[in-house]
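Next up: just one chain, as structure tokens, the form predicted alone.
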């Protein structure tokens, strides 16, 4: 519960998704508002797919400053908006909406959130060989933001969803003139791809709680001279990250990407620089409390 007064001047930001019970966005945003003394409040709303259009129209009518969009609405919300940022249009998914005088514009802060998380640890992707696992929304954001920076890019995905990966690769070929390798996510192909990989990014859900004992990569393929980034943030230390650390690799948790994508939305809505360290700390505290 908030320990501050709510008035008719309080500005509202929101989250819509299904489910939303375990989201960390409210603790991140509300802690940031409090620290900066902003008269804002962030509220999550569980919205079923059948009620999505009504919910979007309702948020517009209530004149909220903006809202985040999470599973399963990141794609289906697009026709209900008045416009899209070019990055969101290319990625084909929206996770942040800004309301300007009743006009709703969609953005995708996952892509820049990932890049800022990477750069925040001093990892420059330029000239690197990068391997991405998965072809869903997170993978699409990650690969697109990296496409014009890296030396080479390889996407591995499950056989039944290889067409998703091919779709991403074709988009990158068209927009950047870059050739992207697409392989089935099998150990033998993964082993070949990782031999020269500088950065490995897991953008699948493998290893996410409650299946935290799983990893998409055999431990023997991990090397000390690579960076391993796991977009999974629950648990903070996934099996993949633990095994990568044991191999001597540099590791980055998905909590960094989570905090940065939230911080970028915060800045769009408030016009203030987000206290990123505080937002990350609050998310970590919530995750750790769930692990106890």
Ligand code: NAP
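Positions refer to the first chain, counted from 1. This one's a predicted model, so the numbers in the text were calculated from it and none came from an experiment.
Keep in mind that the form predicted together with this ligand is not shown, yet the notes after this line are about it.
Listed residues 185, 222, 80, 171 were compared with this ligand in the predicted bound form; 185 is the one with a heavy atom within 4.5 Å. When this ligand is considered in the predicted bound form, only one residue from 167, 100, 205, 76 comes within 4.5 Å through any heavy atom, namely 205.
Although the partner is absent from this view, residue 157 contacts this ligand in the predicted bound form, with a non-hydrogen atom inside 4.5 angstroms. This ligand is not shown here, and in the predicted bound form it never comes within 4.5 Å of any heavy atom of residue 68. Shown alone here, residue 136 lies within 4.5 Å of this ligand in the predicted bound form, counting heavy atoms only. Not displayed here, this ligand is approached by residue 232 to within 4.5 Å at the level of heavy atoms in the predicted bound form. Just one listed stretch, out of 257 to 265, 244 to 252, 36 to 44, 53 to 61, contacts this ligand in the predicted bound form at the 4.5 Å heavy atom level, and that stretch is 257 to 265.
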